[in-house]
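Next up: a single chain in C-alpha cells, the form predicted alone.
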Amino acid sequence: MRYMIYALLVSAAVTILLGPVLIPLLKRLKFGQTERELGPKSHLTKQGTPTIGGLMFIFGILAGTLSFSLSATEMVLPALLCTVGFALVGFLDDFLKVRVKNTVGLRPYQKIIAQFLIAGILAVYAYKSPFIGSKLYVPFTGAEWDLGLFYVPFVMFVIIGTVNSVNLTDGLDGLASGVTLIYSLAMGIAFLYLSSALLLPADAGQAQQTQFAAELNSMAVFACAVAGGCLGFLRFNTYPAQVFMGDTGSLGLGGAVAVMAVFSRCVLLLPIMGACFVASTVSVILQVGSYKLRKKRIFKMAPLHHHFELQGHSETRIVAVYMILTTALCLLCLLAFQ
C-alpha cells in the first residue's frame, strides 16, 4: 500500500512539474489543436490550444512505476511497454496533425496495423504467462472461464476496443483523464486484493506464489501511477483546458486501461467499470449505423458526451456526472472481489 501511494504522488508530481515546461514549449512550436468544423461550435474557441500534452503524464507514469515496482517486472514492464507503445502511435498521429494543420493524422489503415501489432504481442504474452494464462475471472461467482486458444483474438479485440473507446471519450476538458483516474484507483485496489488472495492453483510452489504476489503488487503500483498521472494532468486539463492530451495521451491511457483489465484477468468487469468508455463507442456505432441504414441520426452528435453538450449541459457538468457514474460502477465491481 505504501508504494502505491508513493507511485501516485511521484507520478502526479512529475506531471505537474512538466506542465510549466512543456506547455510553453508546445506553444512556441505551434503544436495547437485543430478543431473539426463539424464539431460543437463552442469548441471552436479551443482552436490553437496546445496538444500532445499527454507526454506529461506518460513520463509521470514511467517515473512513478519504475521507482517502486522493480522488484517484480514480468507484468509491469509489459504494461508500461503497452502504454508507451500506444502513446507512440498517438504521438505520430498528433505530430502529423499539427504539422500539416488538419484533423486526419495517420491514415486509418496505419493506425489499425499498429494497434493490431501491439495488441497481438500483448495478447500472446498474456496467454503464455504463468501468472495470467487463458482463464478469465467470472465476476461475483468465484469461477473461471478458460478460453483456450480463443483467448488471444478475444484479448486483442478487448485491447483495441478499449484503446479506441478511451480515445473517443477524450472530447471534453478533463473527461478522459477524470474517468481514467477513478478506474485506475479501483484497479489498484483490485490488484492489491488479488495479491493477498493468490489465485494460483493450490498445488503451485511457494516460490511461485510469492512471485505472483509480487507481480500483482507491482501492477497495483502501476495502476496508482496511472491515477497519479491523470490527477496531475487535471491541474492543466480541467475546464478551460490549458493543454489537451491529444491522441498521445488518450491512446496511451487506453493502453493502460486495457492492460490492467487483461493482467488482472478481470476483463469481464471492464465494460461495467469502464461503462463511460463503452458508451462513447456504442453511441458512435449506433449513430453511424442509423444514418447509413435510415438516413436518420439517433443523437444530436456522437460520441454521447457531445449529444449532452448540444442539449445544453455544460462541459463541467457532463464531466462530473461521468466521474460520479464511474465511481459508483467501480465500487460495485470491487464487491465482486469479496
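Here the structure is a predicted model, which means the values were calculated and not measured. Note that residue numbering follows the sequence shown and begins at 1.
The same protein has a further form, the form predicted together with a further copy of the same chain, not shown here; the description that follows concerns it.
Contact with a further copy of the same chain in the predicted bound form, judged as any non-hydrogen atom within 4.5 angstroms, is confined among 73 to 81, 128 to 136, 235 to 243, 149 to 157 to 235 to 243.
Contact annotation: I16 falls within 4.5 Å of a further copy of the same chain in the predicted bound form, judged by heavy atom distances. a further copy of the same chain is not drawn, but in the predicted bound form it has no heavy atom within 4.5 Å of V163. a further copy of the same chain is not drawn, but in the predicted bound form it has a heavy atom within 4.5 Å of L9. Heavy atoms of V321 reach within 4.5 Å of a further copy of the same chain in the predicted bound form, making it an interface residue. Residues from 322 to 337 that approach a further copy of the same chain in the predicted bound form with a non-hydrogen atom closer than or equal to 4.5 Å are I324, T327, A328, L331, L332, L334, L335, in the order they occur in the chain.
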